[in-house]
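In the form predicted alone, a lone chain appears below as structure tokens.
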């Protein structure tokens, strides 16, 4: 027979998957001899059984009866006894802590008879009826789904009528009235009477806790924190101890260290004459736990000793719940405490200094994703509290920014040039908006998802970004946006929180963030233990400088197309595209050559001896052309052609599906002089630096390759150009030519492609698009529903799809290294900075990841964790 119920004395801290975190910790504290009210735990196995049948099995009910009998013997009280009743609590407890997400019911066993018995046994009638009204409210809400407001309103009405300031002012007679009115709420509900049999209360509470695993807030919490839906919750049944039984009673929550700052000092809150829910629900304003040091010093000393014991035992900061009943301390829970990112880093470093953790263990204590909160500017919390949220979108790129609203790239650029702080607000963005995006403090769009153009570019630039703010109605013609009745004119001030997705009216001051102190130490340790290199995606020296401040190993991806969107460059690029012959392209290409070699020179010079990988032109040519009538007229005048000719030429370049069309290395085949110009620019910069004494080993990446033959043709174009430039120079340049692996066919034939490629670098955005058949710019319309309904575990543009895209990557790694065992392989797509994806990349043998500058520390910590865990396994 499967054991479905464990007494606390039977478990230990290593049984979290079976007993849940709370049950395992209650068992462990019992084993340590700490003052824990006795009880038992229904396992997660029992939860899984219930989820399948929605019934409590006969086997489970038998084991619960035996456990109740044992608890009665231990406590000296009996459940369902009307002379000396045992009262119990029922609490949830998943393997991974989900504070407040699932349900708790206290004081089970009270009814119209036992409430009078409790009053007599304790000589405290007020306490007995206070406990009964609490049971009625919690049971009604959790089990029957009666709104909390219904019960709260009755309390509020009585307190208002009698001028009471708090629940403590309620008299015994008041509480008796409350109990009567609470029971009346049941009668008016669909459920009927409150169950008077304690056993019925208990079984209904157990069912409710099992069902609370699937309540909406729990599902949302799991989704946000990447907690598996398959874990289930345990149920903890525990003898009640009462913090609401008088002035020598109370309840509190304590942390062994300050959860906000990480300071090594007992921190917490305490409420006299209260039950535990009063503290967490904010019903009354608690006092600092330090009040105990003055009022009851022996209890404070006991709590301090228990806190120290548990922190030493668990080797981490602990969150404790305690109750004091008539001067006696009881522990109701201990768990690893939730903490701010700053506190998490400090605590990890301090625990190493105190000899409790190794460096590797400390690295594993900090969530990589949490570092984003430490690396971007933040709003001043006091000022933010004075501003109401205007609307909320998707938090595409963390940070906090304040500026004036502009609706086009041109007006944003002009305003920036005039010294204004700019927020670019668009329905959506395109590469043509890049100049306005570059000068903006934040980018906001009403459309798009987390991998839309606006989101990707914002992250790449380290700009604050909020996308998909669907309540935001942008009207370009009127130069205004609106949310409901609130209108935002061009030039109005707004503030953007890229961490939460919130938008606010008006300016809010920000504070900058840098890597220093404990975070610097943690990242040094991470670099020591990481195997994967961590590079950055950077298209400008400014981007690269920020990444270097975050200790990037080099550049894994420079997207050369982003260099073409400045006005004078865009004009030359348009002349190239609109030219009819190679001869006509020569003159504008010469201008672009001069501009690009200057770009590459600055990036190489800044890199020093760090590697830089430059990707040749990737997007389809139509992206560089004008779109609306006014711009077509302007461009026609600039380049000296008729509007009709320009319109005809634009139409000829339109494609039904440009992301699958004339782009990437296909441009090299049809317009070889464009790639030749870029290679010349790279080599000109390399040779110039060589003359200055700096040796550069250029890495040139070919995008969109799908076959050995194609890669071979383009590679020869590149190497021939390099050979031509070196022909009359007494110099050898050590260069590599690799490919961006973003085509499923290239992955399948990677052993052949590797014959022509010196390295692979996965472009996971396009690889995911082509594997799923999704457009990354349009997934926002359906992706949330796919995730909500469990069709996909996560957005595959944010976290690699291991089963599909991941298998193609694994295939490419293995087959590529069959041809070249030491083949360097990187990942430079959106998932290059995602911790869960990095763990997978470690497993399949990727050499490095490349991500936006502000993701470098996140990726570094994730890479260290992945290697530590991989080595341990």
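Bear in mind that the values here come from a model prediction, so they are computed numbers and not experimental data. Positions refer to the first chain, counted from 1.
Another form, the form predicted together with a small molecule, is not on view; read the next lines as being about it.
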Quiz item: Would residue 828 sit within 4.5 Å of the small molecule in the predicted complex, counting heavy atoms only?
Solution: yes
Exercise. Check whether residue 615 has any heavy atom within 4.5 Å of a heavy atom of the small molecule in the predicted complex, and answer yes or no.
Key: yes
Quiz item: Is residue 240 a contact residue for the small molecule in the predicted complex, using a 4.5 Å heavy atom cut-off?
Solution: no
Self-check item: the small molecule contact at residue 776 in the predicted complex, heavy atom, 4.5 Å
Solution: yes
Quiz item: Of 766, 665, 801, 433, which residue is found within 4.5 angstroms of the small molecule in the predicted complex when only non-hydrogen atoms are counted?
Solution: 766
Self-check item: Candidate from 110, 557, 603, 526 lying within 4.5 Å of the small molecule in the predicted complex - any heavy atom
Solution: 557
Quiz prompt | Proximity to the small molecule in the predicted complex (heavy atom, within 4.5 Å), stretch among 383-391, 421-429, 735-743, 571-579 | solution = 735-743
